[in-house]
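Considered here are two forms of the same protein chain, supplied as structure tokens in two stand-alone entries, structure 1 and structure 2.
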Structure 1
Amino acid sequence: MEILALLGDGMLLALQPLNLALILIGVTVGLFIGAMPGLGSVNGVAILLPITFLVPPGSAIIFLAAIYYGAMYGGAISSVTLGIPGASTAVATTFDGRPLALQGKASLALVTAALASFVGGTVANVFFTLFAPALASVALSFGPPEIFALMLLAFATFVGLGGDDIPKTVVSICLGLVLASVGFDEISGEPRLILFEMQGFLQGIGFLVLAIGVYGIGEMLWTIEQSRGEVTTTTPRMTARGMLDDTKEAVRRGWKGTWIGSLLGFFVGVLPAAGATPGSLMSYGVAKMVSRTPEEFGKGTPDGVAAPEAANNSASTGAMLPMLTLGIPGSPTTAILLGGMVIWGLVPGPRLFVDETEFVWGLIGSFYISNVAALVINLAFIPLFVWMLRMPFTILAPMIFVLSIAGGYAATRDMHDVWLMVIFGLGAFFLRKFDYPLAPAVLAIVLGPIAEPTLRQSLLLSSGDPSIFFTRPIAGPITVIALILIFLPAFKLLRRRRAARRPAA
């Protein structure tokens, strides 16, 4: 009952005129920041951080958290309408969101994304409110072996994304791991894979550069090649009845992915160094694994939109938990929020809930208000987002290309990355022509920079003994489950081959 009283006080604080206005402004701004390729929540919060010094610290963190919420919602917009992920957290949304848009079901995809995001945020808020101290202690017990086991599990969930062609899936993953290892080695500090000694490769290959190249330029080239430039999509129903029908279909066909993403995303988001991107990719893979119709994934199914969208919103709230309770940011965006809190004289850690009760519960209360505000504002803007799809593809294709180049350049201000985007776009186009799956490569470049250092740190801790991944109480079960999932497709393939040989005998 004490928690409910504190939460009620926090909501009343968040509903004060100044705080409510900041929530509405922050969510709206975040929505469009998340939808712009190359920006995302990290850049949005960093750019707007100086503005917050005009208001009290409690209101400032509420404003920045609202931007974070809005950006998580907004990432799905460009993923669905243009096929370009607005941020790395929305890459998995592109897998099914864009095919739905090409089928004339963009409104269904956007409604599904909005509802799944709302459910994911709500579930995460409830867990945050009830179990913050306990979950923070669990997060502390995750060392390098546990983080690597989790990354291995993420790879395992994506083995099936390449269909039955396991060798091509493995090649795709290896290609992503090679790209992820470009730059300075985190352990030894030595430069690796610096092609032709070009200085631009020393900073590594940014994930956003790869994502925009693959899903912006590459997808545009693929669409042009397949349709010979004659891309037509039916005009979506934008009547009140049509929106209601889309809502019913989104609930009916996306409920399983929504709950998978809500639960899995939160617990991945709580872990330091994980964040919303691995959570959304893992949730997509798990949703496909447990689906009765896995063949629909990648072709346009609401479940494939709901799982990553619920996960990235749930994970964004989860990433706040270690920041507030332990002073450890769970994502790049929360690292900026942590810096802001320190500047404002607030010290994150276990004492924060005792010494700054009003601030903490006001922030938690704002999570609930921001979640509702983001849902309402997102649904209100869906007709505007869908209107973009009425443009002829002869206008849309150059727009996608310009947005891809501008978004990639805005993120790093480096022409080296712009040329890389073009090369990745051409490479993705040819990989699709030869039926190589792109999703495992994208997963590998996201998780590679996390998996490799934690693997090596774990082996250093155990003096090279790999049993450390099996003997630790948390890492052991996760590793065993991951290995089972990795080898499961191979066993299924062997069974099918044996079954095919029996009639011939």
Structure 2
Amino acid sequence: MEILALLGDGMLLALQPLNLALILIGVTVGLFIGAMPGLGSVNGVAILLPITFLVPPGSAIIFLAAIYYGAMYGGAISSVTLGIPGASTAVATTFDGRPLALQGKASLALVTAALASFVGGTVANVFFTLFAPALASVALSFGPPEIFALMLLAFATFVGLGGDDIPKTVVSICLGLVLASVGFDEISGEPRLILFEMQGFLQGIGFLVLAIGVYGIGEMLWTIEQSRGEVTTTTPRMTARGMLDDTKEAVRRGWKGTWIGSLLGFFVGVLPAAGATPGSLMSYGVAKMVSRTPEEFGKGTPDGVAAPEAANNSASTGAMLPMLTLGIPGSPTTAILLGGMVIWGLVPGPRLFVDETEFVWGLIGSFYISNVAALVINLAFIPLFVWMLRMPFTILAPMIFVLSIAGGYAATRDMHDVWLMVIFGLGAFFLRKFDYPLAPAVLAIVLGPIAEPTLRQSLLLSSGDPSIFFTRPIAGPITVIALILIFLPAFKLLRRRRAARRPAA
């Protein structure tokens, strides 16, 4: 009951004029960002974070969360009408969304996507409301060893479940963590890692400098270089009558995929490395596996659109759960939200639920409002978004660069950081070309300032004995799971080698 009262207050807070306006703008911007190929929620949130300093933190995070939400809906628009995913989270949506569009059923695909997204978002919001306060109250008793063990787990999931080249993932994590330690050693107060003796490094490297460099410059360069071909748009015919029929068909032929995506997406979203992209791919796979007509998948079935779309919305809310309760982001986008919270002067972690009740419940309330807003705006303005997709990239790209540079400067007010952003952007472009995953580095630069002190405090508590991470009742199991995840790829490799040797013997 108490939760319902808090949720009610939160929703009222989210419905205040400023917040409601920000939700509507955020969702619309998010839909557009999600629909634009090459731009996803993480790019939008990273590039627009600096401009949110205009409003109070509670409203700023509602705005950014609305962008996150809208982007999950928007990804489907270009997956269906252009056949290219608007964001990596909508890759699986192209599998069946594009065939449907080519059969002249673009409208059915878009309606299915919107409805599935709505159900996915709602299911995840209910789970979030039920689990978050309980998890936060458990986490309140965590000391430095528990928090460090959680950090280790966050990075371990990238190594064990990320699916990228493992040494390259490790390089990315380490690079992010080391860059986070540039500036001053907080415990001894001495300057540390002043690279090339440049004074600009004395104030450290802000996570936004890396995030905007990677997502605002590096990824944009990569997209411009990759997308040289022509794209054909399928314009859906949307009428009120037709949409009603589509809704009926979407419910009839897409409910199974929707439920699979909603449930699976949430739990995959909670895991730090996973997030919405693998969540939607897995849901597609499971929906196909349990379907009575698996042969229809890939040829255009509403279930194949519903599963990934429900999953990516569900996962994006799931990713907020560890961010708000434990201070560990569940996805690159939530890593940036977490970094934003630090800039706004909030301390992420379980104490938020005690000290910043209004902030937390306002945000949770806004999830529900944003979900409804995204559904309505999406369905009402699909033709508009499709029209906007025709905007040439040669107008959009320079605007994004300009916003990245100006926003980056506004956040730190230092030209040193702007240059660093450009260098990170160019570096990220080349690393991306060689399959280095960059999300772990962004997560690492956000978590570094939490991970290092907790490690050092833990070791100080135990007089240098690392067994402290294994012997405490909560830290122990977390550390063990983390280590298993880290060594999982090595086990797999050994087994594969043994299997390869057996037939020869």
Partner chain sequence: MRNGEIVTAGVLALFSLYLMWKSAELPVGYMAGQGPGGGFWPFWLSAVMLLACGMIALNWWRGTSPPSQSDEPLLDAYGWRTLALVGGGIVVFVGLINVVSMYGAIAVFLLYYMRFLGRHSWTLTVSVALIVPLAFFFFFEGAMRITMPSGMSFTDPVFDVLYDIIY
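FYI, numbering is relative to structure 1, first residue = 1. Rigid core: the largest C-alpha set superposing within 1.5 Å between the two forms. All values derive from a computational prediction rather than experimental measurement.
Colleague: Specify the structure that is the form predicted together with the partner chain; exactly one of the two qualifies.
Modeller: It is the second structure that is the form predicted together with the partner chain.
Colleague: Note yes or no: does the Cα of Gly448 move by 2 Å or more between structures 1 and 2 after the core is superposed?
Modeller: The answer is yes; the displacement is at least 2 Å.
Colleague: Is there a C-alpha shift of 2 Å or more at Ala60 between structures 1 and 2 once the rigid core is superposed?
Modeller: Shift at Ala60: below 2 Å after core fit.
Colleague: Once you overlay the rigid core, does the Cα of Leu18 travel 2 Å or further between structures 1 and 2?
Modeller: False for Leu18: its C-alpha shift is below 2 Å.
Colleague: For Ile382, what C-alpha shift in Å is seen between structures 1 and 2 once the core is overlaid?
Modeller: Core-aligned C-alpha shift comes out at 2.5 Å.
Colleague: In Å, how large is the C-alpha displacement of Gln457 between structures 1 and 2 after the rigid core is aligned?
Modeller: It moves 23.7 Å at the C-alpha.
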